[in-house]
Structure formats: C-alpha cells, structure tokens
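Only one chain is given next, in structure tokens, and it is the form predicted on its own.
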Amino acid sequence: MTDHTVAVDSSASPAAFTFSDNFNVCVPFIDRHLAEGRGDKIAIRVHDGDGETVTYAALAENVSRAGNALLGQGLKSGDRVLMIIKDAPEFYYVFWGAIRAGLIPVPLNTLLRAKDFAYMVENSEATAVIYSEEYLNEVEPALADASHKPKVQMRATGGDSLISKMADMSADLAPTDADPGDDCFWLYSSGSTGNPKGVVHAHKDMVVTSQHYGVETLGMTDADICFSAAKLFFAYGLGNAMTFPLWVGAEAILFGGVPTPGVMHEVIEAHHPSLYFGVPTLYAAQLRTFEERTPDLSSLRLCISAGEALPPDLLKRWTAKTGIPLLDGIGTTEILHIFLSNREGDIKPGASGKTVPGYEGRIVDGDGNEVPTGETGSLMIKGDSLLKYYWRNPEKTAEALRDGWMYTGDTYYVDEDGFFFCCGRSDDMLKVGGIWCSPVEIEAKLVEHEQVLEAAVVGRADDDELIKPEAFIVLNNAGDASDALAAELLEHCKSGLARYKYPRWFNFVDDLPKTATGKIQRFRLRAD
C-alpha cells in the first residue's frame, strides 16, 4: 500500500480496515480530499459576524503552514502542544498541523480555571501552549503558577500569534512517518478523585470512530452538514464537528460562543445543517423556547444526544414536537466517541442503545463474569479505538484496560432485545451537561468559605430529569443558615469553578453521614 493510506472494506459488517505500515492520520483526513477533487468544497463554515468559510484546499494549506510554524518555534517530534482554543478554523490548523509535524496536540476544556490549566501544563510537561485570547485571564495565571514552563506560549490569533507566523511559512510539509498505533493526540479525562488523566490515543483511532459511528451508524456522506453544540475539546465534539465531516468530505459549522437555545436555533436556521449534535440539558432548554417561537428545523435529518443519559420523557417530547429522530448514545474520552447508540428506526426510550458496529459490550459482576440478561453489573467495552494508556498512570491504565476490554466505570444492564440501559456511575462522579466533574472539587471550594465547616456534593435530577450538583453543608454556626448565605456561597463557587460545577441547590444540615473511618457516604445523601 501507498504510505499514509487506509483501505476500508465496506462490504464487511462492521467495516474492516487495512492500514499502511507508514500511516500519519493527517493524510486521509486532510490531503485525501484534494486528490478526490474536493479542493473547492467548503470544509468549515463559521457562524459569526464575518461568516468565514474555509475550503478543503485552504484547510490543507493552513494545516501545513501551522505545522511549519510550530516546528519553527523549535518543537521536536513527540512534544506536547496544549490547545486552549475556541471552536474556530485555527483549532483545525493547530490540531492537524501538529499531527502532520509529528507533534502531539492536546485539546483542553476551555471552561476550566487557572488551577486546572496549571495542573495540566505540569502533568503533560508540554512544550507549547496555544490559546485563544478569550481565555487569556485564566491561561496566563496558569502559566505563571505552573512549575513547568512551556518553551512556547502563544496566542492562536492576533498580533504575534501562531496565525500571524503562519503567513510567512511554507504551505508544503511532508507528513511525519508514523505507525497506525503510534501516539497521536491526547485528551484529558477526570477520574473518580477529580484529578485529570491524560488519555493517549493512536493515529488509527479517529479512522475507527469516524467509520463505525459516523458512516455505519449515522449514514454520513459528503452531502451532510454537521453542527455540534458540544465543543471541539470534548471527545464527543471532536468527532461531531471535525473528524466525522472530514472523514466523509462533508461540511462543519463552527460556533465559538456559549451554546444557548436561541443561538442554536439561529445557527440551524441560517446554515441548514442535516445533523445536529447536542446534550440532554440543551435539548430540554430548546424545547422550553418552543413555547415562544418554533424554529425551522426542517433541514435536520437526525439529532444526536450524548454526554449524559437522555430521559425518556425528554425524548418523547422532542420527537412529538419536532418529528426529528433523536438518537441517544454513550461514549467516553477513553473510547473516543459513541460505542452504544440508538439508531434511526431502532430507538428504545431510556436506553443508551445497542453496540455500535465494531464494538462489543458485556455486563460483568465483581469477579468479571458476565451476568444474565436483565441483571445489573459493570459495563465493559471492546473495540479498536480504546485509549493506549493513561499518561504516567500505570495503575489506572491497568485498572481500566483488562485483556483488551475497557472497564467504563458505569453500571448497566442489557435487555432481551440487546439494548443497554444505564443505572449510574460506579463511583461518585457527576456528569453535568455532558461533562464529568468531581464532587470532591466542588466540596473543596465550598469549604474554603469561612462559614462552612463541611460539605458534600451529590447529583440530583432537575425538573427535566437531568443531573445537577446539589450541596449539603454543615456550617460553623448553624444559626447562620439563610437564603442569603446560599446566594453568597453560589457566588463563592463562581470565583473558582467552571459554570457547570456550580451547585444548583444548597441544603444546610447538622451533620453528614460518614463511615467509621470518616469517609462521607454520599449514597445516603442521594437516597434522601
């Protein structure tokens, strides 16, 4: 086979892949479209004041320029490039330019705070940090506080930025030699302690998810137009808004702002996407706006939901109101994208769906034995897009990867029709708005307040059956409990936590349930 190519046998079910021995994934996702005559086709359309568009030819040119610009800063093969970049063309340029140049791009959650960024700078020992100006107030303090100092610290756009340096760079850059299984990019995933873990993915992984889910599950073609409310830094958004459309030669709509219901409807009406990717919280909010105005969603052939379980009632209300199929599914950062999904014409409310082509799922007990149909247990997944390892965390790697299977940390059961149903996390992590967060982190912030003695945080379903943080607080002086103090604590949380981590309810209690060793029993608070 020619270098940097992959043959896809679509006659097989699931599709089978044959990778060339020398395989840099940038080539099939970027270069291939020029050879197939898509150079003048729009790859990216930006929803902003300028309405910027980027063709496949311009994308290929800018990817090479970005790679050369990064190498021009003295970066070497294998160096990590942290990306704190909004959903915009420059995200594509840095991500693919780094891969082409043999560097390791590491997109980070742009909603995080300085202390989170500082930890990831130190943990990754990154050589470069490229960031959008919008995040300057969190990134610059992080870089100042981090014990590790990246050699390159640069804004993505504006004066003296990566984009400005790209203008003087060559549009020619040969792809760095690589093996399909070589380290390609990272994403950070939170663990049960709340400490982020670097999830290392290989060159082949984006091919696997794009074909098995994008093509075989969603039926994507180059005629599709994709719009994802979930941002590119998510594993979910990375597929929806970049790898899937690039794999089939489709178009992606990018919006760098906050995904409010009104703006989502505005984007859909303006650009007529055929596929819309959201999270349950957003679908519920969008439904509420229909009482004032029903948007024109007629361009959509499918809506996709992931990030957290889709409540059955929300699914029924959305379908009844719009007539558009809404497919719920589950994916993880470690597996890169959705591995259980409902399908058009094969939807069961409340279920995460059936296994996506190319993946196997099983439910096991504490000894690793498969449980009978209908019984709950731990969800295990097998497939070709599983993480290689957690960066510098062999214990977590060994815990998660077991004989080619991934232990997801979710409790599930499977019914007689092969549909998988989620019963919750196997630990205390919360999934809020599609993002995992640790109760320990929120509790630690609350305890920083001078009037708080102890705090515990659990998940609670709101009126739309979506999980949000709920705080139980023991005060130094019980007589201080009041609505005014609750409001003060909320503002306190806003000073150091990402917005999805703010508690939605505050309960003042005399004490917290604990084990004999003093560990908080959050399950008892959830039961109450």
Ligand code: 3UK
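Since this is a predicted model, take the numbers as computed values, not measurements. Note that residue numbering follows the sequence shown and begins at 1.
Not pictured, yet referred to below: the form predicted in complex with this ligand.
Among residues of the shown chain, residue 396 is not one whose heavy atoms approach this ligand to within 4.5 Å in the predicted complex.
Contact check for residue 272: every heavy atom lies farther than 4.5 Å from this ligand in the predicted complex. When contacts are judged by a 4.5 Å heavy atom cut-off, residue 173 does not count as touching this ligand in the predicted complex. In the predicted complex, none of the heavy atoms of residue 96 sits within 4.5 Å of a heavy atom of this ligand.
Against this ligand in the predicted complex, the set 75, 143 and 150 makes no contact: no member has a heavy atom within 4.5 Å. Contact with this ligand in the predicted complex, judged by any heavy atom within 4.5 Å, is made by just one of 206, 82, 235, 456: 235. Checked against this ligand in the predicted complex, the residues 250, 386, 422, 284 give one hit for a heavy atom within 4.5 Å, which is 422. Exactly one of the stretches 82-90, 106-114, 312-320, 329-337 approaches this ligand in the predicted complex with heavy atoms within 4.5 Å, and it is 329-337. Scanning 408-427 for heavy atoms within 4.5 Å of this ligand in the predicted complex gives 408, 410, 412, 422, 425 in sequence order.
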